[in-house]
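Two versions of one and the same chain are coming, encoded as structure tokens; call them structure 1 and structure 2.
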Structure 1
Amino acid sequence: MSSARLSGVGVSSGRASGPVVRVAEPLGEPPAVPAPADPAAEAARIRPAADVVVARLHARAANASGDAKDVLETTAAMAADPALLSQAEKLVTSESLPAARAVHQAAAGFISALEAAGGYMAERARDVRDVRDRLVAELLGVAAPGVPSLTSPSVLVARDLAPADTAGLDPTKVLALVTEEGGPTSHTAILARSLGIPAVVACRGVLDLEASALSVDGDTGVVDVSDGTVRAAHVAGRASWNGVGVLRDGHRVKVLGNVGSAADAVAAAAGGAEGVGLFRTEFCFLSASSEPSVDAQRAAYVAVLAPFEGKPVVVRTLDAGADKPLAFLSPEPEPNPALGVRGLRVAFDRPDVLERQLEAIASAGAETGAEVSVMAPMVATAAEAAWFVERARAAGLRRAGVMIEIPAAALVAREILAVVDFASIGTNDLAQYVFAADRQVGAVAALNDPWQPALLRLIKLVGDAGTALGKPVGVCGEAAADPLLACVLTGLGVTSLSMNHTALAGVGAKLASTSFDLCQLAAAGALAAADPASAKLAARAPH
């Protein structure tokens, strides 16, 4: 095993090695059989299991501080709750259920009562689920699901991580992240990049690797068994760039930041972003179980807009659904969530939620002095775009645009641009939908390569429409973060590029070294290519 080497897709730059910590998979509902031979003895297992869970939570709370400490202490109190425990004991004795199943069933009653109460009480349902899972795991003798609390720097290995789990990772403890599933444009990959954690996704076999330590290369995607020595991430040196997106012939292409939190915004401003091309507002509320009030939203947006006073910031309205579920906007179960009610489609059913969000955005813009525009996600038609613009204007927002991330929208880009102030191409979803290749599935990651000529040809349609109508067209998908591809996108008529803060200087420096003529040559070569590798070669020729 010591010579094992695996290969996945490197999605967040840097190298690191250290001991492995595995993220346990979610536990399903424990089986109701076999019935315990001695129900009284089975019921008597519940309190000692709860004592172990409570002691563990207290020990973790003792080493934590601030909010984390409070959360752990509240969870410990809940794990000791006599009402939950005695209800579970009763289910074991009266219905002959195994203890783990009884705990699950007892917790279900509490969870539905809390959810029905709504508001603050509904927030607590998540804590009961957490306690339930810990108790069930203890009773079954397996590891508790979810990201364990790390006491020392470690390499995290998981099947995949939810965006909310990834957003909560502590970059001082997580040396690197390796997932068996996931694609390069998945939100887990995007969040790992923004936290500066080297990451490899779609790494087949990593879950079966019995290594206790790994070395991870987030650039090449190579994962090796290592000796356990901790080596900190090495991130490539910063290219030199003066913070203005301009080609050497004076052609302007704004270089902007993608942000989802105040920390991202500070990092983007420090990295030289001329503004923000994509503020993913849903990232602020991944853990909220009820809709944040207008005031709470305004406060969250102010924190992100503050570093950009006097600068352009494109705030995207909630893009809930598929791999970014928001508990307060969850649709009915759908067979294909990525093709279901997500993005702006949620707002058609709940225009009140959109109206409250627009109100909060307008007031955060006024408070911070940022030049705020709003943008709708997942727009398919010009009529949908017009619907959104009307609401944005009614909320007093002067500039309103839409994302082009559904192939139909790229095909009717002219009609869409005619009714909006700007468009921004979301290459992550545009690739997923044009190739029918789920961006979260590692097995189809090659189709989601932003160098695919089919994707570039769709982008050209949008760039041409923008040029014809004299309206700005940006790219805010991960494609914008690749310096050579940034030249191709510029040649296709794109007027701004928005990316993770770590990519700003590299893209800015590359643009400063080229000219619009060369970008157009690179674009023509890439468009005519038959596959991603030849597209890249063709783009490199003039560069």
Structure 2
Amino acid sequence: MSSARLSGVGVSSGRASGPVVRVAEPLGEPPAVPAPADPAAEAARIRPAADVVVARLHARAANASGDAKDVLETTAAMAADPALLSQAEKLVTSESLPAARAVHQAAAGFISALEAAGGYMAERARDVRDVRDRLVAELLGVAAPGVPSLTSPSVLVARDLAPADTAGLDPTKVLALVTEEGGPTSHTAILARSLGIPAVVACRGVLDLEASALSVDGDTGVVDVSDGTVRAAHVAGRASWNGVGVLRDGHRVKVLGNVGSAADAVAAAAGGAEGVGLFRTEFCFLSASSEPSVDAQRAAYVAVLAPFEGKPVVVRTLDAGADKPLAFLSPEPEPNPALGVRGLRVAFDRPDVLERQLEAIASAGAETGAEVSVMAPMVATAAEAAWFVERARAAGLRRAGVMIEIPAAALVAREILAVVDFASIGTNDLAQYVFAADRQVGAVAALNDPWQPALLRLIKLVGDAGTALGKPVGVCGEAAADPLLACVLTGLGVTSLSMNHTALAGVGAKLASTSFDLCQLAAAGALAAADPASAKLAARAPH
């Protein structure tokens, strides 16, 4: 075993080694028998159990800060979700199920809906599983699954980590994280970066590795058996950034935030974001049984735009379709929803829904003073882009662009940019379409590594088109949150980078330390590489 070496996807920079502590597997499915003698009394156990779980999470949140605090509070809110608890209570009384089994089944419906939604929403299914397991454990009177108490610095190994567990980690005790599942855009990856803990995900076989100590490289994704010597993570301290995205030679690259709620917007503004490169508007549609009115949408958008008065905000129109649980759209069942009627394609049949959303966005922009632009998701051709721009202009929105997340759109980037004001590359979706690899499936997570040369070459096509036509090109996928990759993207012609608020300072500081010619050298090296690991090494050379 001393020569064993595994490889996964490095998602948080740094190197560390030390003794292994394994995280217990999640609870299994609770039994459906015996039926409760008193269903009403059994159902009445559910809300007190939820209250206990919520109180524990709030207590942990009180001792946390930043992104960790946000995640713990969000998980607590999910544990108190009246829809989940009511559904569980109904299952107890209508089907005579034990409370624990009822919670498990009720959560399954929510998990299925989120996974069907794909993309960002599918990644939140892990949060619901965490809440489910905590509630079930409380009802069964057993310890909740999760990270054990650490008495000394250790390398954590798990199948996957719940966001609330990751948020509660002590960086002084956790040397590194290694998970068998997960991907580069998972919540665990994002939180590990914010905590400065080296992390490798999608490391297949790590649970079968009979090693008492491991060495972890969060840059290359390599996990080796070690001799047990504790070596602290070699990571940079918290970056210092003045809030302006500019290279040391004066080359400008805007550093923006990705937001999906008013809380996200406040956090992004506090983190120094120069604006918003991606405002996901799905949050006010997903729980609605009918289409929200123009006034209801406007009010929701105002709350998100308010912290960015006088600053640019790019609003993405509804990214929904037959793969998302929006009943008012009356979607037809599809054999492969990811390749079906979703994103802008929905608007071709229901332009009225798009027109009402554009009206609400324009009104919210006028009310808040934010410099609002709109962009359409899932655009494949220049004709589709032109169709969207025409409707945006009619709604009084002067600046309209599109998402580049379908390979065909990257290949015809010049034609698309000729009819829009800007483009933004969604690297998460673009990668999974390029490699035919679902980003939720750990077995193919390595293909979704944003350092894949094939993905970088597509980005270069778009960057070159933007440079030739004088049109801005942004990146709003998770690739933008990697400081070194941000330099490569800049060298590929990208003019703005949009990311989770925890990554803003690190990216801004990295850009300030380099120059455009070095970014171009790093980009050239990464493009010529044969694989992600080689691309990273080549990009590091000029820096």
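Residues are numbered by position in structure 1's sequence, first residue being 1. In this text, all values refer to a predicted model and were calculated from it rather than measured experimentally. Basically, rigid core = biggest C-alpha set you can superpose within 1.5 Å across the two forms.
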Which of the two shown corresponds to the form predicted together with phosphoenolpyruvate?
1
Following rigid core alignment, is the displacement of the residue 280 C-alpha between structures 1 and 2 equal to or greater than 2 angstroms?
no
After core superposition, I'd like to know whether residue 346 moves between structures 1 and 2 (criterion: C-alpha shift of 2 angstroms or more).
no
Would residue 453 count as moving between structures 1 and 2, using a Cα shift of 2 angstroms or more after superposing the core as the test?
no
Taking the rigid core as the frame, how far in Å does the Cα of residue 185 move between structures 1 and 2?
3.1
